[in-house]
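The chain below stands alone and is given as structure tokens, in the form predicted on its own.
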Amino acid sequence: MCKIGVEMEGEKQPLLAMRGITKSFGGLRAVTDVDLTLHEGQILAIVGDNGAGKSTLIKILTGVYQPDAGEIFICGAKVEMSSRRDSIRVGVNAVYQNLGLVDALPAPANVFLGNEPVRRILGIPFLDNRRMREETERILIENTGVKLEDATVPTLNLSGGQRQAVAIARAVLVADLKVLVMDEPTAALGPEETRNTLALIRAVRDRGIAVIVISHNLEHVFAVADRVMVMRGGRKIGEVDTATSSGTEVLGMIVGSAVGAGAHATTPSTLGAQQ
């Protein structure tokens, strides 16, 4: 997948590397000297209490904020994320918790929203609805494994997992997607829809797209992620492999009762939703 940089001799470059990321808002230090590494075919979960810095870090990755210090590398090449457009250009896109879908529109219209193809009949432009439908069905199947029974129904009528798939298809459409960020993808979903969404995340990973999941639900994190990165007070406290760790260990790192790499003293608190 990597094309931007050049692989190191004998060692494959990370797909994504964030080094020394620091960001302040006035006198408030939101993120301090954070490193993040993601390889192809991996799912990385980022967890932490409210105010941990998760949202700020991801908004820096997606070009919403610019860091005060630090660097971002895609495939070994340094990139500048001055806007969402810059992040999309280098293959990083995000699906936020609200999904950003227009409920009254069908899936193809949502996938192509703002990028609608047109065809001309006698010089008059018309939306190419057939192309949008066919391309949406192809993108959904190739990148999420989801097939809609009826692509003409309003998106409001789709299940939570199907709506997630439509949002992912839109993210794939506008970029040569390398990294997909998913913000609280299982929030407010029932048990069956949660299972479908976790399967969807794995399907995206299996199709070669690396995934970063922001979540407060450790059960869901351990069901889907390869690695878990813990943040507290704007710092990276540590990182574990889900195969050799547990929710108890990660929760201890979050609240400060366990020491991880780079840990610092803080007042224990309960695990909450994303900052």
Partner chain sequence: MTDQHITTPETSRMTRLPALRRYVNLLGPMIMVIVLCIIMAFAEPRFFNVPNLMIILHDAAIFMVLGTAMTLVITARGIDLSIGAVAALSAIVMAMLIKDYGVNVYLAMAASVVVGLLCGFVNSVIITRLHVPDLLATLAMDQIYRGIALVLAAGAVLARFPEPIPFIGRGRVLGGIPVSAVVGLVALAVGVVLYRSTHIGRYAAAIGGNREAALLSGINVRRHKTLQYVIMGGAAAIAGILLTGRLNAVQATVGQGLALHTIAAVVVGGTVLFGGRGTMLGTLVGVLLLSMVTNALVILRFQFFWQLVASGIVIIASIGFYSYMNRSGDDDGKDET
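What we label the rigid core is the largest C-alpha set whose atoms superpose within 1.5 Å from one form to the other. Residue numbers count along the first chain shown, from 1. Because the structure is a prediction, the values reported are computed rather than measured.
We do not show the form predicted together with the partner chain, though everything after this point is about it.
- Contact check for A77: no non-hydrogen atom falls within 4.5 Å of the partner chain in the predicted bound form.
- In the predicted bound form, the partner chain lies within 4.5 Å of some heavy atom of A188.
- Residue contact with the partner chain in the predicted bound form: R89 places no heavy atom within 4.5 Å of it.
- The shortest heavy atom separation between M132 and the partner chain in the predicted bound form is within 4.5 Å.
- Residues R84, R85 of 60 to 93 are found to place at least one heavy atom within 4.5 Å of the partner chain in the predicted bound form.
- After superposition on the rigid core, displacement of the C-alpha of G123 between the shown form and the other one amounts to 2 Å or more.
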